[in-house]
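A single chain comes next, written as structure tokens; it is the form predicted on its own.
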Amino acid sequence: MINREKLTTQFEKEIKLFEELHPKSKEMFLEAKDNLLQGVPLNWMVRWMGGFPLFISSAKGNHLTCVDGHDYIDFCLGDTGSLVGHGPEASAKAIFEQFKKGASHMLPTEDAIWNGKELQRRFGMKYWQFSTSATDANRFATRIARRVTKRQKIVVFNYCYHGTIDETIALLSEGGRTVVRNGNIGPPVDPAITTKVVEWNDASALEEALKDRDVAAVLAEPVMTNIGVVFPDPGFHDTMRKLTKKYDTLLIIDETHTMCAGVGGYTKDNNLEPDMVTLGKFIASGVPAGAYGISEEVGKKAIAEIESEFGVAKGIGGTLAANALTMAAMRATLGEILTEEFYKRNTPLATKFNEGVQNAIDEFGIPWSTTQLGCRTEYIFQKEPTRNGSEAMAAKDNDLDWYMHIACLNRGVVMTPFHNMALITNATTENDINKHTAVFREVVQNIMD
């Protein structure tokens, strides 16, 4: 039902319109090329739709304002980095007050104790440590797992996402081998030396990967999110937990994206029992922060290993980790924003968003589908939900993807650039969702036969 000639023509029109609407952003991008690699301070920023990224002058709640003065409804929210919204008042107050008292001094504060107790309550992990990113949280957790188990390899799932850890930027080849994933820039060693990649929801492949007893940990999101929302089959988590225990392998659950499901993420909602949990992104209202929790059993082993070394444990931590400013921001975020009420309000709005998209899909009879995880919703260019990373990758359509993003952007709606994902926060209104539904219907209709 999609007319590919119309798609090409319409995309070219949207690109031209984008340039006409954003002369200042284009000017800044060209200027930035003289001093910033690729014209941006972070490589990912060139992945936005159009020939250049928007330069933002301000953000508040779920709205962005670019340097050309256009206002946008923001459903991307920093790719979950600002799930709680831009500049929430509780966090802004805590950050400002703490900064006046000192941002970082490599000594603990009372806020750190509060954060540890709160995360313990939410996720059931006995001991907590903090980092400056979810990537570091995953890196430190896997290092501890290796030290405790005296094993070197980890298992991850095909097309997973756990930040920029070298070992996880790997794929399963057609021949069933672990290979470097495109975009893994300069890995220090071949990932096949450190990593075994298996398909999500494939219990037999997981057991095959574990049976040599050389795997320190299985690192998994409880629901795959970065290749689209891919849910576990019924019973898969129970099987994964049984298999990891059978082969004396630790289980690390990465809740960085899936904490959109509830106050304790997918772990609490589904009574999972991992050995470690990792977090990041929005837990400090966008201030760079990560956290990792460790069960009492594994924690005691980790303490014994760390205390056996002379001096500071190397490879885990960092000078700015758990700094006072971050701890204050995290306490405000967890204590006053990411509460049960946050999810009770926003999950139904995500459902409304999902229904609007699905109704348009059904109206036009196109073979697309939608998924929802808490206050996160997404659509894919495939009729049936996917079961693993390979299926999700096969459902991608770059031409459609780029068109949908820039067409929405030109109409005042920002979607996540790497996939068709939307996040709902406290500032999101029904009118915002209705606008997206209308925009979605319009841009799809423009490419139909």
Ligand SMILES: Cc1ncc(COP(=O)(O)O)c(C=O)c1O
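Only a predicted model underlies this, so the values are computations on that prediction, with no experimental measurement involved. Numbers follow the displayed sequence, beginning with 1.
What comes next is about the form predicted together with the named molecule, which does not appear here.
J.: Within a 4.5 Å heavy atom cut-off, is S133 in contact with the named molecule in the model of the complex?
T.: Taking the distances in the model of the complex, the answer for S133 is yes, it comes within 4.5 Å of the named molecule.
J.: Residue-level question: is N354 within 4.5 Å of the named molecule in the model of the complex, judged on heavy atoms?
T.: Contact check for N354: no, nothing within 4.5 Å of the named molecule in the model of the complex.
J.: Give a yes or no for Y159: in the model of the complex, does one of its heavy atoms lie within 4.5 Å of a heavy atom belonging to the named molecule?
T.: Looking in the model of the complex, residue contacts with the named molecule do not include Y159, since no heavy atom lies within 4.5 Å.
J.: Though only this chain appears here, would D74 touch the named molecule in the model of the complex if you measure heavy atom gaps against 4.5 Å?
T.: Because no heavy atom of D74 falls inside 4.5 Å of the named molecule in the model of the complex, the answer is no.
J.: Out of the stretches listed (122 to 130, 209 to 217, 255 to 263, 190 to 198), which one is close to the named molecule in the model of the complex, meaning heavy atoms within 4.5 Å?
T.: Looking at the partner contacts, the answer comes out as 255 to 263.
J.: Please pick, from R331, H86, K281, H237, the one residue with any non-hydrogen atom lying within 4.5 angstroms of the named molecule in the model of the complex.
T.: Flagged contact: K281.
J.: Exactly one of E336, D202, D79, E118 has a non-hydrogen atom within 4.5 Å of the named molecule in the model of the complex; which residue is it?
T.: When the named molecule is considered in the model of the complex, the option within 4.5 Å is D79.
J.: Which residues within 212 to 232 place at least one heavy atom within 4.5 Å of the named molecule in the model of the complex?
T.: E221, N226 sit within 4.5 Å of the partner.
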